[in-house]
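Given next, in C-alpha cells, is a single chain: the form predicted on its own.
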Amino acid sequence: MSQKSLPPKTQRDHLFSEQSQQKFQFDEAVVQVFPDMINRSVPGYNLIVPMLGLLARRFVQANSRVYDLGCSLGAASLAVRDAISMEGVEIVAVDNSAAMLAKFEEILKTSQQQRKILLKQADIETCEIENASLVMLNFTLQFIAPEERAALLRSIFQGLKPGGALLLSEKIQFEDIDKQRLITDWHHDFKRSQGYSDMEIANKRAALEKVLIPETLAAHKQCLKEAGFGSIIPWFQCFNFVSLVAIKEP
C-alpha cells in the first residue's frame, strides 16, 4: 500500500490495560486505536495488506466490483484501489460499524486518488454481492457465528464472476492441543514484543471470548469447497494467522 493511503497517526492501544468484563466491539474507542491495535496484534498484518493489492491485479476484471466485507478503516480497500488500473471498477467497502465508516470517510477525504470507494453500512451477511471479480474478508469471517459462515461463503461465491476470487485472512486454531498451546504462546510472545503487558493480553483475550471464534485451516478449506470454490491456495501464515486465495473457476 502506498504511503498516501496510510491512515493518519492514531493513538496507542491501551484499551485493555485495566480489567474489564465487557465484550470486544468495534466502537469509537477501538476506532481511535485500531491501526495500532491490529498491527501489534496480528503478526504479518503490515505485509498482508499490501499483498492484497498485488493479488488483486490478477483477479480484478474491468467493469466489475470489488467488495471489502468488514472493511473497518479500509486498509484492504485502499491497497486494492492503489494497485489496480482496470477501467470501470467499483470498490464497495462494507461494515456494520458507523464509527469505523465515519473514520474511513475522514481518511478518504485526505486522498487525491480519483477512483472512488463506496462506503456502505450494512450487515455483511445480508449484503448482496453482484458482478464481483474480487471479494475480501480480511480477518472478518472469524467474527461471524460459525453456523452462519457457510451461507455467507455461498453468497460470495454466487456473486463472483467466473475467474474471480475471494481473499480470506483468518485467525485459526489447531486440532492438536499441544500445537495449539505452543502457537498461542508464540502469539503472546509476539504481543509482548510489541509492548503489550501480560494484563493487556489476558484482558483482550477475555473480551474476545465468544466474539472471535477461530476454526481450523482444514475446516475453512472444506467450507470453501462446499461453497463451490475450486482452487484454494494458502499464500501466507504466521503463527495462527493464515491468508488464502479461493478461486471461482472460469
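Residue numbers run from 1 along the displayed sequence. For clarity, every value in this text was computed on a predicted model and none was experimentally measured.
What comes next is about the form predicted in complex with a small molecule, which does not appear here.
Picking from 54 to 62, 32 to 40, 218 to 226, 181 to 189 the stretch near the small molecule in the predicted bound form, with a 4.5 Å limit on heavy atoms, gives 32 to 40. Among the residues Leu134, Met100, Ala93, Ala79, the one placing a heavy atom within 4.5 Å of the small molecule in the predicted bound form is Met100.
Among the residues Glu148, Asp123, Glu128, Glu87, the one placing a heavy atom within 4.5 Å of the small molecule in the predicted bound form is Asp123. Using a 4.5 angstroms threshold between heavy atoms, Thr140 counts as touching the small molecule in the predicted bound form.
At the 4.5 Å threshold, heavy atoms of Leu119 stay clear of the small molecule in the predicted bound form, well away from it. Of the heavy atoms in Tyr196, none are within 4.5 Å of the small molecule in the predicted bound form. The shortest heavy atom separation between Ile144 and the small molecule in the predicted bound form is within 4.5 Å.
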